[in-house]
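Listed next as C-alpha cells is one chain, alone, in the form predicted alone.
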Amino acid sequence: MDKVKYAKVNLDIVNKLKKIVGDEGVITDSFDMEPYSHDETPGLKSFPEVVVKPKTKDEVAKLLSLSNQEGIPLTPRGGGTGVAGGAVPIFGGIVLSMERMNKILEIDISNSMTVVQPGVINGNLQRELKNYELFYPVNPASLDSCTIGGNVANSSSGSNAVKYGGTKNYVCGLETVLPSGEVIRAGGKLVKNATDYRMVQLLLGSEGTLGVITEVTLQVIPLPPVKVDLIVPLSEITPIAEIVKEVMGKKIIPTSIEYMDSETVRITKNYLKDSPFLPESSHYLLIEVDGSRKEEVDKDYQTIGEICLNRGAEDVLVVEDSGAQGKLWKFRQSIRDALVSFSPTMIEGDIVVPRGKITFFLQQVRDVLKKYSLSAGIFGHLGDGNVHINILKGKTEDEKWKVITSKAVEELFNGAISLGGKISGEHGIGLIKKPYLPLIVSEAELNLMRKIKRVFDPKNVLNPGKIFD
C-alpha cells in the first residue's frame, strides 16, 4: 500500500464536526469507537480517530467538504456487514456512519417505487413493503443488519438473484455527495433513462470511493403470494450443473437455487439450537419457486423435483408451510455466523463463474483444498454461478496458514478466471481482494479506474486504499 500523509483529527476538527452534527453525533471515546474499527472481515481492525453520524444530506455535504479541505481521510459506513474490509478505516481519520439516516421517505404505489435513506435496514424495508403487497427482492444473508446504502455501494445480491437479479436491477435513482461537498442526483423514478453518462451504474459498486450516497430510489414489484421450497440432497456433485441446465431448459426460473456442502450443514446444525430437518448427505440444493398462482407454482416445483430425482438426487423434500420455510431460510442466513463461530479465523471468497461451469469449478475447489490439506465450508448461489468458499483455519499454525492460504486463494481465483469467471460476485474488492485485482483487470482498465477516482476525489480522501492504491 502506498504511504500517504493525511492530516490528523485534532480538537479544532472535532469541534467543527460537532458544530455540523451536534455533540450526540460525534464519538471520540476509543471504547465507543471499537465497533466502527472493523466490519465482518475476520482479523481486520483499524481504529478511526473520530466517528460522525449525520442525519441529513446537508450535514453529509458539510462533513465531506471539511474532510476534503483539511485533507482528512473519510470512510463511509453502512451496517458494517461487509467481508472485504471496505468499511475499515485503514488510514484512521473520520468514519462517516449513516446509521441515523434510516428513514423510508416514500412508498410510491402508482410508480412502483420506494425512496429511502441509505441507513435503512434491508429487512425492515422488505417488511414495510409487504404491508402494501410489494416486494424488494434483493435479500443478502445479512438482510436484518445490512443497509440499503451498503447494498448499493457494493452492488450486493442475494439468493433471489436467479429470478429477480441483484441491487443493480432495482436502483433507479441516487442522490450522492461528492468529496467536494457538491450534491448530484442521478436518475429518478424512471425505468428508462438515456439522458446522462449512466451515473447510477458508475456509482453502483464503487464501494464508497467516489461519493457518499444519501438517498436511493428503488423499483419494487408486486409481492408473489405463493412460494414453495425444495430440499434436494445429493451424494455427488456431478449432477448439479445438469439439474440447473434442465430446469432452465423447461423455461422454469426458480427464485433461488442455493448450494450447501455437508461440512457447512454440519457446522450450522451444531450452531443453531433449532434447525430444520436436513437428511444426511454430501451435498444439498435448496430451490425456491414462487408465483402468483398456486397451480403454476405446484406444476413448476413438481417438474423440478422430477428432474432432480432423474438426475440422481437421493430425495426431494417439499416445504410449503411458512413456519418451516422461515426456519429453513434462517438456517441458510446463519451459515456465515456458524462458520465464524466454528473458526474465527477464515478466508472468505465469493467467486463467480458461468453457471454452466459450476460443477467443474466446485470440483476444482475440492482439488485445491485437498492439495493444501485445507477444510472449508462451501455454499452459495448456484443459480447464478456464485460460490462462497470459507476456508477454515482450525488448528493450523499461523505461519503455515498464511503461506498455504495465499497460494490456495490465488489458484482458486485463477481457476475461476480460466472458466470465464471473476474474483467477486457480490462482496466487492475492498481491501482484502485488492492484491488479486490485477489477475482479472488489465493495466489499461486499472488506469482508467484510477482516472475516474481522481476526477471524483482528487485529494484521495474518500475511503482511500480500497479497490486499488
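Keep in mind the model is a prediction, meaning the values are calculated, not measured. Numbers for residues come from their place in the sequence shown, where the first is 1.
This protein has a second form, the form predicted together with another copy of the chain, left out of what is shown; the following refers to that one.
The partner is absent here; in the predicted bound form, the one residue of Asn169, Ser373, Thr238, Ser235 having a heavy atom within 4.5 Å of another copy of the chain is Asn169. A heavy atom within 4.5 Å of another copy of the chain in the predicted bound form is found for one listed residue only; from Arg366, Arg293, Lys269, Arg127, this is Arg293. Comparing 48-56, 402-410, 434-442, 22-30 against another copy of the chain in the predicted bound form, the single stretch with non-hydrogen atoms within 4.5 angstroms of it is 434-442.
For the marked spot (Gly205, His381 and Val455), a heavy atom within 4.5 Å of another copy of the chain in the predicted bound form is present in each of the three residues. Contact between Asn386 and another copy of the chain in the predicted bound form is found at the 4.5 Å heavy atom cutoff.
At the 4.5 Å threshold, heavy atoms of Val14 stay clear of another copy of the chain in the predicted bound form, well away from it.
Taking the partner from the other structure, another copy of the chain in the predicted bound form has no heavy atom within 4.5 Å of any heavy atom of Gly305. Another copy of the chain in the predicted bound form comes within 4.5 Å of a heavy atom belonging to Ile429.
Residues Pro222, Leu223, Lys245 are the members of 213-247 with a non-hydrogen atom no more than 4.5 angstroms from another copy of the chain in the predicted bound form.
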